[in-house]
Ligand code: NDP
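This document opens with one chain alone, in structure tokens, the form predicted on its own.
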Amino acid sequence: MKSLSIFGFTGSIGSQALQILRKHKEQFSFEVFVCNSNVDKALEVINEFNPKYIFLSDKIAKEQLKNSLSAKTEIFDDISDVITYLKSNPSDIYLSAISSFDCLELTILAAESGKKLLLANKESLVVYGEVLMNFIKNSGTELVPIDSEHYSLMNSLNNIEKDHIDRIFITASGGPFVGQSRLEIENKKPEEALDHPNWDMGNKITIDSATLVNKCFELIEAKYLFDLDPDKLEILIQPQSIIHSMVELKDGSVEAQMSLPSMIIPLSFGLLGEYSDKTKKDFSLDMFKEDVKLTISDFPKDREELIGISKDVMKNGGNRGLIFAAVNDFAVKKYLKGEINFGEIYNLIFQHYSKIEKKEILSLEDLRDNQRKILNYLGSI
């Protein structure tokens, strides 16, 4: 029996993980489950899976849960209590699926554990990628990326020599506004931006998909995960979300990784430690039986400045990933509150990424201190 802790168990990735675990409960003991504020979902999960401990980062939600909780599960009061417990009682498997980098300490703990980390928290790599990957390498932690693009790249790169590679492409669906120009999407409403054609995700990541910022984050993620040359990394639009990555070799041939658009595939491999016949049966892409249509197009030229920012993050590091992520997060929140239109998300990113001071990040304390300064700057806009 393997012990398992899930950081972000009420979100889209966490919920899909629980869907798998529901059928394999006898293989796991459930240790620490972490979420932000979804009390109703937390209660459902606690009653079904009976984790030993739970932590809600939102203080009000935590108090609400305390008043409703009757199960044997104990509640941690502070994130430091979570860290202290897991340092003394490391889980065999960690799933890090919290959106944003608010609980980066937990991902770092898992990276240093020497155990197994299923990583679905792309912001942790965007803001702290080099350091985080060093933790993983130095501790011998087994890493399984859960994003479909990076899981597919892992499968490809396991069998390809890096010096044989000319270019690597990760693909984007294009979101709900695929094929439309920036001018055409300038005033799109949140309900339109949240209507993703292929994936069921949280609000923040769905907006990031619509702007294509999410795919730029994944480009940065790929660089750190696989130690890739930024100049060899590109993005293509693949609206059906069937092709997840492609590797072009120096002889001009291309290897494409294809599957149905589902996170169940990488999650199943990561949790169960093997390729699952059940997953294959339920999610097999049978191109001989189905009328599978595949279309590919270039990343839109009117958003290439996003690629430029991503390349700057990958090549120069420091706090650049933090700036990109923090300004984007600020802009998306304003958009979802109805304070700016969709097009202003781009304007805020392009304007303020260049304005904020670039500096080295030598520790988590440096990162948090710089994060506070960036947030103070953005709050004054």
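Note that residue numbering follows the sequence shown and begins at 1. Quick caveat, the model's predicted, so the values are computed rather than measured.
The same protein also exists as the form predicted together with this ligand; that form is not shown, yet it is the one meant from here on.
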So, N370 and this ligand: in the model of the complex, are they within 4.5 Å at any heavy atom pair? no
Touches this ligand in the model of the complex: M201 (any heavy atom, 4.5 Å): yes
is_contact(N121, this ligand) in the model of the complex, heavy atom dist at most 4.5 Å: yes
Answer with yes or no whether C35 is in contact with this ligand in the model of the complex, where contact means some heavy atom within 4.5 Å. yes
Just one of 302-310, 92-100, 190-198, 223-231 has residues with a heavy atom within 4.5 Å of this ligand in the model of the complex, so point it out. 92-100
Sole residue of I242, C216, I146, L157 within 4.5 Å of this ligand in the model of the complex, by heavy atom: I146
The one residue among L271, L212, M263, V247 placing a heavy atom within 4.5 Å of this ligand in the model of the complex is M263
